[in-house]
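Next up, structure tokens for two forms of one chain, structure 1 and then structure 2.
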Structure 1
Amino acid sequence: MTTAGFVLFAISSVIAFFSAIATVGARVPLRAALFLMVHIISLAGLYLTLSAHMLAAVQLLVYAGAVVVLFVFVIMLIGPASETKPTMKNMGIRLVSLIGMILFTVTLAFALVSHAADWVAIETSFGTVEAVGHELYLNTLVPFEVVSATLTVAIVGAVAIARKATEFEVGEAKAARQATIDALEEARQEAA
């Protein structure tokens, strides 16, 4: 690893670490989203140290450009209610799981850090758009096609969940409620 690479790694990883903590720790979701953005950019930096140029770009485009924006969008949509006040609700459980998670993470992190592997020489084409694209469209065509189904599911699902009720549905819901009321009424009369 070159010195430049090392410096980039050091900076990126430190930023990634702190921005991650800031993301999960921020009280205001909007701030969390912005820290998530920082986190993502720092990861893109890490990718550069690993000769994944194409991926670094995609990371910025998709994550920073789309996912985080989506988050911000929803936060805006929800408005002030998107902030939650700190309470002690379920605090015991949450603390226990925090401690457990820290234990788990530290243990595994120590185990993983000791993993050694040699840097290997790479071709200049490694990680370029051409090489990755070649691989993507030739070798992993099948999952690529399946991902289109995933995205379709996500879109249809999101629409099915988040859309406001149509007039027809409002009517149906009313009818269903009325049917319940009628049934209750009928049962009551029968009992009487």
Structure 2
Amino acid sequence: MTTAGFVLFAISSVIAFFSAIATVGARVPLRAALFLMVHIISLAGLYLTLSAHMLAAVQLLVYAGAVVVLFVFVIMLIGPASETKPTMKNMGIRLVSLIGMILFTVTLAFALVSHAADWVAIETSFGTVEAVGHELYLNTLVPFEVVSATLTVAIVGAVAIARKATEFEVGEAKAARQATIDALEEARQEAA
């Protein structure tokens, strides 16, 4: 790895680490979505250090350009009801989750520290559009489609569950119901 490649790797990995923590730890969903976008951009930088230029471009176009925008749209659609207020129960869950992740990370780090792999030559087709397309659409088509359908269902379900009726919508529904009742009453009086 060249010096520039190592610098890109170091910067991208540090940004990816802290933006992932900020994404999970953010109380305001919009900030979490923005930290997610920073994390996705840093992952694209890590793909560049692996010579996977196609994956880096797809990461930026699809995830940073489309998925994060969709998340922001859903957050805006749900409104302030999606924000969480810190409680003692939430703090306990966060503390247990933090301890669990620290233990998992330390265990994984110590398991991998003694692993030594030989450097292998990268094929010239690695990371190209042809190689990625061949793997994606021939060998892993079903998991790719299942993940896309699952993400769509999850977003639609989140909107359906979390969306609350606003005062304007409630007032509008009451006015429409009253207009229907008035029209029925008027029709009944005319018939009599």
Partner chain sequence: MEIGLGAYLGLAMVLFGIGASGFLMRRNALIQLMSIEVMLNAVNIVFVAVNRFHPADHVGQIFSFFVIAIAAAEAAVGLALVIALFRIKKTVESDNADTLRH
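Residue positions are counted from 1 along structure 1's sequence. Whichever C-alpha set is largest while still superposing within 1.5 Å between the two forms counts as the rigid core. In this text the structure is predicted, and so the values were computed from the model without any measurement.
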Two copies of the same chain, shown separately. Which of them is the form predicted in complex with its partner chain? 1
Core-superposed C-alpha of residue 27 shifting 2 Å or more between the two structures: no
Align on the rigid core first; then say whether the Cα of residue 179 has moved by at least 2 Å between the two structures. yes
For residue 97, is the CA shift between the two structures at least 2 Å following rigid-core superposition? yes
When the rigid core is overlaid, by how much has the CA of residue 149 moved between the two structures, in Å to one decimal? 7.9
